[in-house]
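Encoded as structure tokens, the following chain is the form predicted alone, with no partner shown.
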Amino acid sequence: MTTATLSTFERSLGRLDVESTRTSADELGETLASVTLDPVVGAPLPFENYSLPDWIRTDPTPAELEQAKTGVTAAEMAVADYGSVVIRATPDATEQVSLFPDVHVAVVRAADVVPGMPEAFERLAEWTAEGDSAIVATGPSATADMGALVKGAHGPKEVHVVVVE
């Protein structure tokens, strides 16, 4: 990941009305506190050296998931050209945390932001060869099937990306 790739990613997010915040591993908890709405649920982060703060419940019941206003997940990859985040599916379906709450906060490492789809497909090919799947999410959920644009029809109304440098 280059500085130019990260800048492209942030511009792409801006075109999608997705806010982003750069932070450090040491400041991740404070950053998440500033961009989430209670109640918050999350999926454990698969990254070494940092995790979600204890105040984010990572094993929510279906009722807690339904009541949550914010879901925090890892994005194990992001695509700069499109402003997309890639959420790897897990055996216990933690990716649902990104879909049910009105606000999705994706945490991505700066090193995992790739320039474009060719680089993303290379990594996705490795994951699918291992039998994994992933959600590629580009901005808030939206549909115009019935005329006017409606956000949050099939997923979050708002998305915020936290980039950990």
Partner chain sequence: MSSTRDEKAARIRHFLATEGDAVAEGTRGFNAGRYESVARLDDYEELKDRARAIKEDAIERLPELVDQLRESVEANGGTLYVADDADDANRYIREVAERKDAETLVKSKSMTTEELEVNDALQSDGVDVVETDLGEWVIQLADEAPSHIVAPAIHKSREGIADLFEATFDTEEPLETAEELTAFAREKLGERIAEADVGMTGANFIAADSGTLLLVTSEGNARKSAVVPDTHVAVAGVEKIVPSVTDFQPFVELIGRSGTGQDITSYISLLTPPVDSPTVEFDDPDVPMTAGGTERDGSSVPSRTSDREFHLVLVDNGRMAMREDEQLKETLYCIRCSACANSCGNFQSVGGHAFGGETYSGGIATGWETGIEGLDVAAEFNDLCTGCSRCVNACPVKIDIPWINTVVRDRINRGEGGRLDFLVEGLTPDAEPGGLDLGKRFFGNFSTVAKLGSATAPVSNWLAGTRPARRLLAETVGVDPRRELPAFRRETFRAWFERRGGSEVPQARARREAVVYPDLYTNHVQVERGKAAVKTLEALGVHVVVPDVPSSGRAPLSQGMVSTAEGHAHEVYAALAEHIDADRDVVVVEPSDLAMFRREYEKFLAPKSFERLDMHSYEVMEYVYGLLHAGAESTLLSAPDERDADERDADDAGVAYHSHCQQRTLGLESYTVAVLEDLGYDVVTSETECCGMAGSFGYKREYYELSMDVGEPIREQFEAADAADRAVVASGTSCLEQLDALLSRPTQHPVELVAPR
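Positions refer to the first chain, counted from 1. Rigid core here is just the name for the largest C-alpha set that superposes within 1.5 Å across the two forms. Computed from a prediction, not measured in an experiment: that's the story for all the values here.
As for the form predicted in complex with the partner chain, it is not shown, yet the points below apply to it.
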Practice task
Identify which of Leu32, Ala134, Leu45, Val113 has a heavy atom within 4.5 Å of the partner chain in the predicted bound form; exactly one of them does.
Solution key: Ala134
Exercise for the section: Would you please decide whether Asn49 lies within 4.5 angstroms of the partner chain in the predicted bound form, comparing each non-hydrogen atom pair? Expected result: no
Handout entry: Partner proximity in the predicted bound form: Glu27 to the partner chain, non-hydrogen atom cutoff 4.5 Å
Key = no
Handout entry: in the predicted bound form, Ser141 touching the partner chain (heavy atom, 4.5 Å)
Key = yes
Exercise for the section: Please check if Glu95 has a heavy atom lying within 4.5 Å of any heavy atom of the partner chain in the predicted bound form. Expected result: yes
Handout entry: Any residue of 35-64 that, in the predicted bound form, places a heavy atom within 4.5 Å of the partner chain
Key = Arg57, Thr58, Asp59, Pro60, Thr61, Pro62, Ala63, Glu64
Handout entry: Rigid core superposed: Ser84 CA moves 2 Å or more between the shown form and the other one
Key = no
